[in-house]
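The structure tokens that follow cover one protein chain in two forms, given apart as structure 1 and structure 2.
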Structure 1
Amino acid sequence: MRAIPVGDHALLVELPDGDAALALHAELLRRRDAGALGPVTDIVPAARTVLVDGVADPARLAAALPTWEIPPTAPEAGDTVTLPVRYTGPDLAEVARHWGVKPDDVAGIHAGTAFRVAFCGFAPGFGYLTGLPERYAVPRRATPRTRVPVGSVALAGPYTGVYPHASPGGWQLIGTTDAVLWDPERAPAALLTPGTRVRFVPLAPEAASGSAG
């Protein structure tokens, strides 16, 4: 663990891997909710870092972090969001080829995986979901698409993501969902937030719905 000062009131904490970043993020949230972090405003996880902003005394927090006992994130911790998906994406056959399976098998493998939101980025409401075994990592497309439809369920490297808006993108598209990933009128606006567990449920091509529970 390494804590790097960012300005006068923030720290960027570097961790060895994504699991450690997720665990530290959860511990920081617990301590902030308990009033133990003072005026901290934002705690933002990334792939292997956590940014802590609004720290009254960054040097003191940096010295204390290595002494903390940080429990690993429990598999059952966090809310669960269920995303019904039509596994009819244009890159389904390409993903199946990388996985060494038939295209019809992709939905079962993907939906049979327990996912968790590791961090958010790229666009408001876009969560980077971990859970797929390393052998199912796939490369990004050699040529990104100029427009990926909203609700597209996609893979890149070790991550799964769902596009909250139509946008350019180079991930491999395996399906679509009608769930609303980003709604400014909702609190929180993002359906997928760091630490949330996610279940994908295969639907028939003509079916459509989205829920959280």
Structure 2
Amino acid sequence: MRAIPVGDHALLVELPDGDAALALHAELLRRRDAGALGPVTDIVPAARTVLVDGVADPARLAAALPTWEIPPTAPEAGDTVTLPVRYTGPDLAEVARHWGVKPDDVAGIHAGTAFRVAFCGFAPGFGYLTGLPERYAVPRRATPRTRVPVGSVALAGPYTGVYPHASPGGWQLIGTTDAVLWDPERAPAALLTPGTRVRFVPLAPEAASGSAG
């Protein structure tokens, strides 16, 4: 663990991997909720870091961090969200080629994986989900699409994401869900918050098209 000052009121804590980042994020939330952290504006987990922003005394926090006992995230920790998916994305064949499997096998592999939201970014409610083994990492598309439909289930690098809004995007699209990923009237507005466990459940395309109308 290495804590780097960011301006006068923030600290970027570097960790060996995403699991360690999630574990520190959870510990920071526990301490904040217990009133043991002091005032803080934002706690932002990312791929291998946690940013703590709006801290009065970052140096003091940096000095204290190495003394903390940070339990690893238990597999059963966190809420679970189940997302029904029609695995009919336009990049299914491309992903299958990268994975070295048949297009029909992509859904089974993806839906058989236990995911967790590592962090959010790119857009409100866009979660970066980890869980796929490294060999299933895929590159971004060479040319991003100008419009990716809302609810698209997509892959890039080691991550799975679900587009909470229609937007431009360069991820490989493997399916679609009707789940509402983002609703500002809901608390929290994001369905996929850092630390949440996620399971994808394949829907038969015909059944889904029947219920989509």
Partner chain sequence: MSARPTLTVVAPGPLTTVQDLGRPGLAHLGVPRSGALDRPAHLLANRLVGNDPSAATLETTLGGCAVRPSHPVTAAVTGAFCAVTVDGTPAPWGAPVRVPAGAVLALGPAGSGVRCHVAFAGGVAVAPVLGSRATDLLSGLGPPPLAEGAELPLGAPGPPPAPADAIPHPAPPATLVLRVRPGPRDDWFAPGALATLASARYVVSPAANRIGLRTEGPPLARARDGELPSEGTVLGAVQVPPDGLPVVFLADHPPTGGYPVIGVVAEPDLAAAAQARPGTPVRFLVRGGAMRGGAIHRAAPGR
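Take the two forms, superpose them, and find the largest set of C-alpha atoms that agree within 1.5 Å; that set is the rigid core. Computed from a prediction, not measured in an experiment: that's the story for all the values here. All residue numbers here follow the sequence of structure 1, with the first residue given the number 1.
Structure 2, rather than structure 1, originates from the form predicted in complex with its partner chain. Annotation for R199: C-alpha shift under 2 angstroms between the two structures, rigid core superposed.
Look at V6: with the core superposed, its C-alpha moves 2.4 Å between the two structures.
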